[in-house]
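What follows is a pair of forms of the same protein chain, given separately as structure tokens and numbered structure 1 and structure 2.
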Structure 1
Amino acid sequence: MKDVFGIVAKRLGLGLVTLLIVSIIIFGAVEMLPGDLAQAVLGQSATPETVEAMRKELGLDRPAPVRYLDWLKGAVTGDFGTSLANKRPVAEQIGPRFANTLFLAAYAAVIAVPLSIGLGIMAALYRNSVFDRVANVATLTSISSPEFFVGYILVLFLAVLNPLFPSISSLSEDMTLAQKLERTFLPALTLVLVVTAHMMRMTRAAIINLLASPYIEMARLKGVPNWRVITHHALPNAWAPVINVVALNLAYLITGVVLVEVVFVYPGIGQLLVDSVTARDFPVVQASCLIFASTFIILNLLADVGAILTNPRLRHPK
């Protein structure tokens, strides 16, 4: 058992170091602006005096490492500085939007995870049947389509031609949960379709890989019924790959969410990121990128830790 904790601790430490380096990259990228931040914001026509004043205001007269440490300290305590576009604190803009994005991602995940694991196991059990082949083509199509294609098709069929759900998912504070769920149904469904396809294929591959192992054949040969082979022999060992698949795809959701939010004008952090990239509002861009990247890294970390913890060989060392 001690070994496992050692491995997990090592992995967590590595994750922390990765986070730090990524934060340096995100901060350093803005430092690579031609000229500097003040010049980039004010443009070519600004007088040297205004640029100098802006530099003072942004604290650009201090060396980059000092500013990085300040920024990092702020980011850890939830203070991302002030936006260049509207002079409001970045955290104030990001906070509610991040909650909205998490809500959307969680909504999609709650539907997608059980669905895709169930379908993946079925496809693995009945592989090369009609079901498996249809699923193969359908999931491949869904993976290959850009998220906005899936989104707009859903809008066309479920919002315009058959007005069942709203095509624009604007949220307000005083909505009940049921209203929110109805409003966000189409973006969530888009994410579900894309993620389910990925997750189902990966689950199928993991289970098929497992079903080829000698101990499964042994169980079959001694006459264990098919469902018992799955529940008692395959599943205990399948948890590790399945948890890995789930976490990886939740991480994938993070990127998918940006395009989907733009399609449905959903007030999430992805939309904010795209808007601030267009407006060149760097503090907001940095903060959103940091949040996206950390979520991505943490989910990948969870995938690894989950795989370590559910690995029977590591839990019961000889």
Structure 2
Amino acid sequence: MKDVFGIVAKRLGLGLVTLLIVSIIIFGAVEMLPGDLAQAVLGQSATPETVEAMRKELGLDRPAPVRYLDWLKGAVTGDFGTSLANKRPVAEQIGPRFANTLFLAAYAAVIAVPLSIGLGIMAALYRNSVFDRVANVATLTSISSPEFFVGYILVLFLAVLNPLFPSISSLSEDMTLAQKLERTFLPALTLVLVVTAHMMRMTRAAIINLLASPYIEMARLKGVPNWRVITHHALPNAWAPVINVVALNLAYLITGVVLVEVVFVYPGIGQLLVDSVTARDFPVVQASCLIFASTFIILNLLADVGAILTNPRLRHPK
């Protein structure tokens, strides 16, 4: 057990170091953008005195390392500063948007995870059959198609030619859960089609890779049915790679929804990020990028911990 805690603590430490490096990259990338931020906010007609006053208000007259440390200290406490576009606290804008993104990601995950694992088990169970070949072709097609293309195809067939679902996913606080599920079905289906293919193929590959193991051959020689060999012998030992790929795809569902949210005008943090980039609202851009990076790193850490707990060889590497 001490080995497990030591490995998990080491992963957590590496995650914090990674997040620190990512925060430096985010802040540095904004700093290296061409032009003067104060001039961009005020416009070309601003006087030099007004620009200088704005620079002091934004803290641009201080050294970059000092501003980075202040920004990082505020981010740790949940204070991301004030929006340049509407003078509201950044955290106040990001909170509801991030909740909407989590709702969309959870909606897609509830459908995609059991579906992909089930399809992966079926494809491994009926390897080289018609079902396996059709599933491989369908998943390769889904993986090869960009998210925005899949989204527009779904809008065409399910919202324009056959008006079953709304093409614009506008949400309000007074909506019921059923109404929200209906409004967000098309963006959720887009994400499901994109991530299911990857998880299904990895589940299939992990199970097939174990089917050549000696204990699998022994189970077959004892007359165990093929489906039982996969579900009771191969699948438990395939959980480590499956958990890894599921966690990575869950991270994608949260951090990779920018294009999907833009296509369906979904009020999530991805749409907010795009709008803030257009408006040059850099405090919101920095906060959104840091939240995306934190979410991705946390889910990767959970994937590592899950793999360690389900695989004895990772708990006892010697």
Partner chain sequence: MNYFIIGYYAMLIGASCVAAYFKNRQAFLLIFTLTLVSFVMGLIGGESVLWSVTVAAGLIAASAGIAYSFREFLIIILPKQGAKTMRTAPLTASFGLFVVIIYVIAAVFAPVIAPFGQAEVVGTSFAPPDDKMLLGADQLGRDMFSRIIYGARNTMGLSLMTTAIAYLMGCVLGMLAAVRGGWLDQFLGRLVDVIMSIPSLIFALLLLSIFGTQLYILVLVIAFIYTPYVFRLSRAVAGNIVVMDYIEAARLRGEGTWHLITREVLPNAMAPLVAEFGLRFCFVFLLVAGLSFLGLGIQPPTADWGSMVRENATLISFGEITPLIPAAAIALLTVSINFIVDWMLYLSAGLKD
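Numbers given to residues start at 1 and step along the sequence of structure 1. Rigid core (definition): largest C-alpha set, two forms, superposition within 1.5 Å. Only a predicted model underlies this, so the values are computations on that prediction, with no experimental measurement involved.
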### Message
Just to confirm, one of these is the form predicted alone and one is not; which one is it?
### Response
2
#### Entry: Residue shift check between structure 1 and structure 2, rigid core fit, residue 133 Cα at least 2 Å
no
### Task
For residue 113, state whether the C-alpha moves by 2 Å or more between structure 1 and structure 2 after rigid core superposition.
no
### Task
Taking the rigid core as the superposition reference, indicate whether the CA of residue 231 shifts 2 angstroms or more between structure 1 and structure 2.
yes
